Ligand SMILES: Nc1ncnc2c1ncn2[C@@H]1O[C@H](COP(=O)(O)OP(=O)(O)OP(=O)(O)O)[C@@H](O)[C@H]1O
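The chain below stands alone and is given in structure tokens; this is the form predicted alone.
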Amino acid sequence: MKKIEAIVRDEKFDDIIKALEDSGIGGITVTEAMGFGRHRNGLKKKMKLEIYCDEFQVDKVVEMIRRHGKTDTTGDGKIAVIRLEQLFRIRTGEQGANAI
């Protein structure tokens, strides 16, 4: 299992969410964020996406975020893929991939 965290441009957020929804991905958590990168061009509004998925879904999810979030200019964002030790669904007690 993996957790994908992506920090994306606010103006590309709707395009990314539409693509992820259409793909049938299990779920997503979204947080508003502020940040700047290496160019230090001031704090910019960003959106942080968090997605739990199985290994076989990672490449597809990353590619969708890249394709729909890219503007070819500084500040397009970052994507991190993080290995999950374990995942639990609070309501049912399901574990692992069943909890996604």
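One-based numbering along the sequence shown. Note that the structure is predicted; figures quoted are calculated from it, not measured.
From this point on, the text means the form predicted in complex with this ligand, which you will not see here.
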property	result
In the predicted complex, residue 29 touching this ligand (heavy atom, 4.5 Å)	no
This ligand contact at residue 56 in the predicted complex, heavy atom, 4.5 Å	no
Distance check, residue 97 to this ligand in the predicted complex, heavy atom within 4.5 Å	no
Touches this ligand in the predicted complex: residue 18 (any heavy atom, 4.5 Å)	no
Residues in 37-58 close to this ligand in the predicted complex, defined by a heavy atom within 4.5 Å, in order	37, 38, 39, 46
